[in-house]
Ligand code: ADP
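Below sits a lone chain in structure tokens, taken as the form predicted alone.
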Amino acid sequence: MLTIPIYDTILLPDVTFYFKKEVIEDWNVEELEVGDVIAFAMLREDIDIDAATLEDIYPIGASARIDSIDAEGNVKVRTIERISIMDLTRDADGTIESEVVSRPEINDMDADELKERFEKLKSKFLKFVQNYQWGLWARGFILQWKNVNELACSMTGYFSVTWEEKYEIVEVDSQKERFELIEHMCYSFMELADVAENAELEQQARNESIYREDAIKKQIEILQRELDEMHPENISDVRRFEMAITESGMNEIAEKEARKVLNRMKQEGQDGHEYGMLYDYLDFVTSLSWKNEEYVPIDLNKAEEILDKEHYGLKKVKSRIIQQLAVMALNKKQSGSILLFVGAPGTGKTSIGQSIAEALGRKYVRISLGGVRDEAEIRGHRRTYIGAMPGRIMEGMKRSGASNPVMVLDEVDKLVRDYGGDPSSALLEVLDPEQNNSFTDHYMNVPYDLSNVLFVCTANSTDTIPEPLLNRMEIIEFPGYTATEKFQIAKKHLIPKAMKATGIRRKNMTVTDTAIKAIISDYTMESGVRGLKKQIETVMRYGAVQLVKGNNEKISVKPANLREFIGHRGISHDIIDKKSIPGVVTGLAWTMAGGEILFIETKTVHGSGKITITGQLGDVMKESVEIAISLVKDMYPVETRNISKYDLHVHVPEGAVPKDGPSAGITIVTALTSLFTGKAVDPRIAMTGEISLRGNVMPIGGLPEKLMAAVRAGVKTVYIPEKNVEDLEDVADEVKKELKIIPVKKIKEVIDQVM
């Protein structure tokens, strides 16, 4: 059968087509006659007909009969049926012949239904074109359609679909499926045309040249806004997040990521299994404060007033904080070092962060890092994990609701390194002013500016803080409170707060000054006031019980009845012995709760030179014992010549409490010297300092706490390393007045003066 390849024109049965003479000439057909039946093959691509092969055509085409040929050579054909093209051959003159077989259709659609739906579609087109200037011409064109095939063949050229999608209409065998394809394309075309027309009108009204997509978005936004105003309680999640992203002021990278997630959320729908995860992410990033807060001038006088009001003592600490605020006031921005407050529990490290926030007029947020062992708790989990969460830093930023809060990172010395990573390394970027302006939490996956945050860190000790992290911060020691300072804190702060918390009025209950002092000396032992606060609250709770039971008399707490309120003494501090014993010397130790005195006890018994060390001493103190033995042998060769005939026992009381640290060296040497020489050391003399094999007294830490412990225990004279003299500036004057403090360089100086 004579075959004509065509491109981008679909042919369905029972449709009339007109071909102009110019088109006919491209077919390489010498002569056509009325009544001839020809085949139309549909090209896959727009190529030259002369080069077409079987691989270049779709397997299904259409047969058609030539109805007429006018005087000018234009041809009118009427399609007959769909055909399957099996083979192509080309004659010497270029005419294409093919082997074809009929392609029957599946008549699976009721004739009445087909007619009804076709008339409905036709009516829809008539209504559609009446809004356009070319509608009158189009109306006459539409009225000529006799079946859905004519509609499809005449309209698909206007549809925004691919050639492959057009061919799908020809390819499908089911009459019902073909109608549904045609129907879908028609309705889509009309909807898109309406949107395009409306967008064009809006563009003209605004006299702007915008793209069609922008016009659609604008129109949707306008309609959605009207719906939101009419029913504000029914604003969709998508719309709410769209507004939140627009108003958040987030940076370009963050906004791009947020809109990407929002698009995924739209596609997912509320029933999608990832909808909740996407919702949580958008809720988090839009809850953050992305805009820079307006600068608020810093009033140093007000800051000093707030610090003095909330915290008694701590003059050096307050002075350093005021210096930091002064630098920020001059630069009108966040600047200065990251402050690390180091001291015993209850000394006000965390609460002073609240005072700083109040002084600056900023939000306050506290993050506890104690026991954190997973790096993801700092940097967040990647969203690919189930149950992913942001890190504690960004979670704190969300809670603060500001971009420049005062953030207290509590207990940085309690970070734990294990298989989950090194959380302290994750903090390096957070606490580096040169890097944290683009901190990226793994959960957010976009940079966030932390450079405006005032970070304050706290720790009980610096021993467990890695050196790189420690270098990021400036250490400020919290030496702890003296008994006098504790008394003032209790009277001015703790007792009024405890009364308010328990509902007790001052007229109903009083706590005498002597009772306060008794609580401090007999019921607490730490450098801070946390234990003192608990004991005062215990007193108030007992008083509350008495008042509720009907005790109308005014309750007075005195030392005589203190046990009735609190119970037996919970703390028994070591105090110096009244009797001097050779081989026993008083030392000073630092603990997490403050300072304590430490007795070094030595004894020899007949044996074989065995050395026994008891009292749960750590490796450092065991080494100090070995060094001390060597020094004593060297300094007193005569007294120690028979040491191999004796077993030496070194003991530090309270064996259940682990003890370690580089500060007991000179005490052990003095105790051994006292033992071997038989000369007792006055128990009112205490000492602290590490020792070297050359007899040098090495510096130690925690001097203020140790000296306070010495005063409490009744010590009168203390020997300290000469290199620790500068640390005496941090010691309260009332402590220094009670003690004779003697700096020493060599252990020989200590031995000569105490024996």
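Sequential numbering from 1, following the sequence displayed. Bear in mind the structure is a predicted one, so any value in this text is a computation, not a measurement.
The same protein also exists as the form predicted together with this ligand; that form is not shown, yet it is the one meant from here on.
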| item | value |
| --- | --- |
| Pocket open vs blocked [this ligand transferred in the predicted complex by site C-alpha superposition; 2.4 Å, backbone or C-beta, 3 atoms] | open |
| Interface membership of Y481, this ligand in the predicted complex, 4.5 Å heavy atom rule | yes |
| Contact label in the predicted complex: E247 to this ligand, heavy atom within 4.5 Å | no |
| This ligand contact in the predicted complex: A344, any heavy atom under 4.5 Å | yes |
| Partner proximity in the predicted complex: L494 to this ligand, non-hydrogen atom cutoff 4.5 Å | yes |
| Stretch in contact, per heavy atom within 4.5 angstroms of this ligand in the predicted complex, of 251-259, 665-673, 643-651, 311-319 | 311-319 |
| In the predicted complex, the residue from K363, R103, H442, K533 that sits within 4.5 Å of this ligand by heavy atoms | K533 |
| Proximity to this ligand in the predicted complex, single hit among Q546, S351, Q616, Q219 (heavy atom within 4.5 Å) | S351 |
